[in-house]
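The chain that follows stands alone, in the form predicted alone, written as structure tokens.
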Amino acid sequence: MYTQALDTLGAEAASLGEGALEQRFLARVDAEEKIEPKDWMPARYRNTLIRQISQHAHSEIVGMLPEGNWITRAPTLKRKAILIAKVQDEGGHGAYLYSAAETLGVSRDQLIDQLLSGKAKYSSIFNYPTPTWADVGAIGWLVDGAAIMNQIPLCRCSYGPYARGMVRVCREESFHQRQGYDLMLHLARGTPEQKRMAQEALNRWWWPALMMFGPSDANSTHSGDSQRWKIKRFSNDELRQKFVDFTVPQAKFLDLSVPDPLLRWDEAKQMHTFGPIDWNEFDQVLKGNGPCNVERLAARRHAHAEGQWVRDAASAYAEKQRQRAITQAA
């Protein structure tokens, strides 16, 4: 495990000052070299990565809940199988990301404790309810679509374990986005009631999906350092604009209306302009006052408690194997 052998200084680094080390680090980042777990890195870079990767991991795990709620109620066996596969993928993504965070010297237990205590954040989008089957489609189309827009550049992140983990995550998220759009397409071309259900789901998820990219660049706390260190390649507003430009034509193909009366195509700029985002709502959800904040954390705490016997059994088995190895070596 990387966390057992982190080399944050090393013989060569010990002879250099902090300023020289950081200059060498920045030169490597600028040269598009990957920073690996044993390489020297600034504490701020390490802490930024821990914060971002852990929030990403928490989001994948909590993100299983809104759709997992619909597994037993999926309308067909095919849709049930697709949804089970998708929710399973999200759990796997969380595991990959926790592993990547562990290479930075933080334990998985610490990260999970931070989530369960409410100290750590996860994506605000998962604090919204899924009242109809169409919400499953809207999440796949819009939420996973926004995730792909945000995550594909992370495949070129300067930190090696995160970048490599994101390659598989993005491939699977592409499947999630396609299944969501396929579901919306079937609803939009179905009965009037099904189309209405699809439209209402789009109305519910459009603005929260735009908030997924984070605060506007003017109010983003961490974007500057993240872009300088090439953890992020694009700003929040750039990614949000790409998402809008990519998604609006898809909505038109579905014959659904984006719930923004100010949405326009700007011919001169070759992009869509759109109305103001309600950042007060975003702030309230982040503070724990969203529609499902309490419910989501309660579900995770319950699942963690229910799984204690599995962790205890695994630890007991590992200790038994260790003792057996010692006996055999004696």
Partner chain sequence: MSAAPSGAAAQDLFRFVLRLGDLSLVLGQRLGEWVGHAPALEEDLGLANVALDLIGQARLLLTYAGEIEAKGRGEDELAFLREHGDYFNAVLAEQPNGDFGRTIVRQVLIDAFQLELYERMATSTDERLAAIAAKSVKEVRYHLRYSSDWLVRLGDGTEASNARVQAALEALWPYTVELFAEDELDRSMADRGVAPRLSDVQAAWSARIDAILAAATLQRPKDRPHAWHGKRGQHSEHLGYILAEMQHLQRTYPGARW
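What you see is a predicted model; the values in this text were computed from it and never measured. Numbering follows the first chain given and starts at 1.
Not pictured, yet referred to below: the form predicted together with the partner chain.
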*Decide yes or no: are Gln23, Ala43 and Met211 jointly within 4.5 Å of the partner chain in the predicted bound form, with each residue judged by its heavy atoms?*
no
_Location of the partner chain contact in the predicted bound form, chosen stretch of 122-130, 89-97, 227-235, 159-167 [non-hydrogen atom, 4.5 Å]_ = 89-97
_Just to confirm, with a 4.5 Å cut-off on non-hydrogen atoms, which of Arg178, His186, Arg171, Lys242 contacts the partner chain in the predicted bound form?_
His186
*Quick one: is Ile277 in contact with the partner chain in the predicted bound form, heavy atoms, 4.5 Å cut-off?*
no
*Looking at the partner-bound form in the predicted bound form, is Arg79 within 4.5 Å of the partner chain by any heavy atom?*
yes
*asked:* in the predicted bound form, does Val248 come within 4.5 Å of the partner chain, counting heavy atoms only?
replied: no
*Wondering, does Lys252 line up within 4.5 Å of the partner chain in the predicted bound form on heavy atoms?*
no
*Heavy atoms within 4.5 Å of the partner chain in the predicted bound form is the criterion; list the residues of 54-74 that meet it.*
Ile61, Met64, Leu65, Trp70, Ile71, Thr72, Arg73, Ala74
